[in-house]
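Take a look at this single chain in C-alpha cells; it is the form predicted on its own.
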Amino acid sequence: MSFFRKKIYACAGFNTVSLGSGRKEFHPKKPRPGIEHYIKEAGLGTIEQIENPANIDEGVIGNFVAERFCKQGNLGGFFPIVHPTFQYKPCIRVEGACDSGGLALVVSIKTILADLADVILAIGVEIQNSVKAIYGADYLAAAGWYSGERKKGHAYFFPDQFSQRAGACFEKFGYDKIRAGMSQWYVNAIENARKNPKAQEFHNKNPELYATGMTSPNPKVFCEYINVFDCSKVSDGGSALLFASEEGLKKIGVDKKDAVEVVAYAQVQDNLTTPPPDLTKLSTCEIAAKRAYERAGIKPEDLSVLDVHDCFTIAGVLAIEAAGVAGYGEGADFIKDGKTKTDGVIPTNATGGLIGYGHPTGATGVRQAVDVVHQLLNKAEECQVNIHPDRPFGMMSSMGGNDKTVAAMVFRKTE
C-alpha cells in the first residue's frame, strides 16, 4: 500500500551557482547578487522547463536566517517576481535551520496531498557572504539552542559541535581509521564538484587532495579535531523544484517520463534543548531514514543514488551509517574502500555534496532533491551515475542543527 493517498511527482529542478570563496568570479569586496536575485533565478530556471507557469498554484520558500545575513524577512513577498502570474498567489516561508530546504519539500507535498493545490514551486535560498565568517558563525549558531549553548560554545560554534563528534569517533574507533574516511570523503567531494560547473569547488585544482585531508588539525587556529577544509563553505545560492499531482503534471505540460515519483518521506524532530544521545551517531537522521524506507517499502540496498547532508566530513561518515548503507562504525572504511564513489556500491553526493557544491543553508535540502531527481532522469550530465533498472530509487536526507531537524525523501524513476 502506498504511503501517499495519491501520486506525487517532482520535476523541472534547477540549481544556481553556489557562490563564495573558491569560485573565480567571487570577490568579497565587490557587489554580489542579493537574496531576491537567487529566488528569481532559481524560480525562472525551473518554470522555463515547463508549459503554462500560470498553472502553478503556490510557492514555498525555504530559508534559514535572511533576517541576520540580509536584514530581510517576509520572503514570500518575493514570489511574484519569479513570474507575473504569481501575483496574489499563496506563498509561505519555512525555516528549520540547515534543513529549511528539506522542510520546503515536505510542505509542498503536504499541500498537494491536502487537495489544496496541484502544482507547487519549492524554492530554497540563502545569502551568507554578507558578513565576516566569525559573525556568520554566530548567526548560524541559531540552528542550535542559542540561549542554552551559545555562551559556553566555541567561537565557531557548529564547526566545534562536529569537531567534538569527530573526536568522539577518534576515541571509539581509532584516529587513523576515522581520519582516513574523512579525508577520502573530502577527496570524493572535490572530485565530484570538479564535474559540476555550478559547484563552489568546481575550480579547485589541488593535486594532493588526500594529503590535504590528512593534515592534522590546529586547535590554536580553528577547532580541535577538524580543519577548515572539513567544513562546507560559506555560500550564496538558490535551488528550485516543482511538485505536482498527476493532474498537475498535465496542467504544466510535463510528461511522466520527465518527472520522478515521490514515494515517501519522513520528517523527524529532536529536542533542541537536549544534547545528542551519542556523538558517534546521527540518531535523528537514522530514524528518518528507517521511516522513509519503511514507508517506501524498500531497503537501503534498493537505492541507486544517495545524497546526504555532509556539512562536515565527519557528518558525511556518520550520515551514510545513518542512511543504513554502512554499519555502525564501518562508514569510514566503507568510504575509504571507494564504495560511495560515483562508480561504487552506492554513489553518494555525486555533484559534490555540501563540501563540494557548497552549503547555502536554506537552499541545501532543495538542491539535494534536485540532484537526486536529475540522477533518476539521467539529466545529471558529467555527474551522472548508473541508475540500475532493478534499483530505480534515490534518497536524500537533509539535516538541520546538530542532528535535530531532518527530512528524508525517497524518489522513484518512473517507468
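Nothing here was measured: the structure is a model prediction, and the numbers come from that model. Residue numbers run from 1 along the displayed sequence.
Another form exists, predicted in complex with another copy of the chain; not displayed. Remarks below refer to it.
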* Structure fact -> Within 4.5 Å of another copy of the chain in the predicted bound form, heavy atom basis, the matching stretch of 322-330, 340-348, 192-200, 105-113 is 105-113
* Is residue 311 a contact residue for another copy of the chain in the predicted bound form, using a 4.5 Å heavy atom cut-off? -> no
* **Contact of residue 227 with another copy of the chain in the predicted bound form (heavy atom, 4.5 Å)** => no
* Can any non-hydrogen atom of residue 89 be found within 4.5 angstroms of another copy of the chain in the predicted bound form? -> yes
* To do: Give a yes or no for residue 75: in the predicted bound form, does one of its heavy atoms lie within 4.5 Å of a heavy atom belonging to another copy of the chain?
  => yes
* Asked: Candidate spot 183, 334 and 393, all three in 4.5 Å heavy atom range of another copy of the chain in the predicted bound form?
  -> no
* To do: Identify, from the list 68, 388, 379, 32, the residue with a heavy atom within 4.5 Å of another copy of the chain in the predicted bound form.
  => 68
* in the predicted bound form, the one of 81, 168, 209, 131 near another copy of the chain [non-hydrogen atom within 4.5 angstroms] -> 81
* Residues from 323-347 in contact with another copy of the chain (non-hydrogen atom within 4.5 Å) in the predicted bound form -> none
